[in-house]
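One chain comes next, on its own, written out as structure tokens in the form predicted alone.
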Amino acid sequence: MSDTLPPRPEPRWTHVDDCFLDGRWTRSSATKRLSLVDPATGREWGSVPDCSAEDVDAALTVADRAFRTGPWPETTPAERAALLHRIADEIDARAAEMAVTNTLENGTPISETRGAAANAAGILRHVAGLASWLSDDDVRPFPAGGAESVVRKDPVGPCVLIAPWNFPINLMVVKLAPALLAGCTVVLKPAPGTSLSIRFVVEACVAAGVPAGVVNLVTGGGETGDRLVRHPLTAKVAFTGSTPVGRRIAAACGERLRPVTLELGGKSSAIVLEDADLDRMASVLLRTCLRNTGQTCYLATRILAPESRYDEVVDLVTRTVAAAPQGDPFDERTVFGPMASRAQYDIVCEYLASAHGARATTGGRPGPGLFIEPTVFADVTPDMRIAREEIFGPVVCILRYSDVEEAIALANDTSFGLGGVVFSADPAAAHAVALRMDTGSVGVNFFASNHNAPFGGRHDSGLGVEYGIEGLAQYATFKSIHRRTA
């Protein structure tokens, strides 16, 4: 397929030598580089520095200085909210260029990446609207009377924000927006393969008037991330990525008694109740179960269908997936693009090969280049690897259940707890099932993230939350000032 694709759009940046420190682009002292490869063609089109220990130290030194002595500590929540609105406007103005770079980086279809800027801007504007939570007086009386406490929300300090490769803009901005509103300074580290699209966010921050040292950027792999996490000037870490890496970050932060927010892997379930409207389910199936070529953490890649309608559900899912176009991610019609990297392609191929006993009703085979055929497996049993482990590719499994109790037990029989969906024509029945699912978020007849509600995982899916007041609170540290009352 890669041999037949048309010429690719030209991105703004290709091979760069700098990181962003103290308000300006600064040449990195790195001796190694990271290549950026278009997953659809296999062509290397860009590269970034694999930043050195000196770069990391410089980034956190200026972030710490800006936090303690620059103009940033004197700003009010209202002033910071106004700045977030300006950043949002600047990101909106860069939407087209950002989408092209993002699609070249990870192969996400352009129909998806074109919305990244608007989504990021929406996050910034929504978070700006939470400023009053930081500034409002919170006075609490002593239970015995005679005294009261003023509860302050202070910024936690310089934060290290590490985003993954699947949604590199939005999963960084969902950390950046509350960190800035809270009054923190930040060092951003994107995933190695998606290190250029984040430059548009940094550029937007500069254009909006963010003071020098408040937002800094370094690029690099796991070693760079480890240096950032363990640096003595880091006050907090926020990370989205795999559960194994999240465990290592949690251990490092635990050693240093450092707060950490982790949004990790998932293996979510879609419970199809007997009364479900399958046409309605089909209309949201791809986004709910296979968004971004299956490279999304919360996806309900396990569909649990009742025995009485199992064949009907298998037929519906198979037809829906088989009809969705796969191909050039720059084609507006494309639903399924390539895997983001050779490493991810190899992982998905291994899972396809392990699916002994399951029946592929569509797909089931590797395609050319880094493309994987969108795959539906039927006759899947709970003990199979494909039913238990996060695949992170265009693969969905359909399991059968005999009654609702078994469906709930199957949904909860996982080490993860990130998302989930219940399909039913009866909202009350769906809500009752959702209450019993052991997971951080559940959708009824659809799934989406709400900027106003907390999003986070349980168990192996992470610690802490993003979005909402609860997500903003992750970047605050609380102080109680006790005083006598008259």
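Quick note: we count residues from 1 along the sequence shown, nothing fancier. Predicted model only: the values in this text are computed from it and were never measured.
Just so it is clear, the following notes concern the form predicted in complex with a small molecule, a form of the same protein that is not shown.
Using a 4.5 Å cut-off to the small molecule in the model of the complex, each of L171, A191 and G265 places a heavy atom inside that distance. This chain is drawn without the small molecule; in the model of the complex, the residue among G115, G209, P325, G221 with a heavy atom within 4.5 Å of it is G221. Among L418, A430, L60, A66, the residue placing a heavy atom within 4.5 Å of the small molecule in the model of the complex is L418. Stretch-level contact analysis of 359-367, 99-107, 268-276, 234-242 against the small molecule in the model of the complex, using heavy atoms and a 4.5 Å limit, identifies 234-242. Although the partner is absent here, W45 sits far enough away that none of its heavy atoms falls within 4.5 Å of the small molecule in the model of the complex.
Proximity of N166 to the small molecule in the model of the complex: non-hydrogen atoms within 4.5 Å are present.
Residue contact check for W72: none of its heavy atoms lie within 4.5 Å of the small molecule in the model of the complex. The small molecule in the model of the complex comes within 4.5 Å of a heavy atom belonging to D226.
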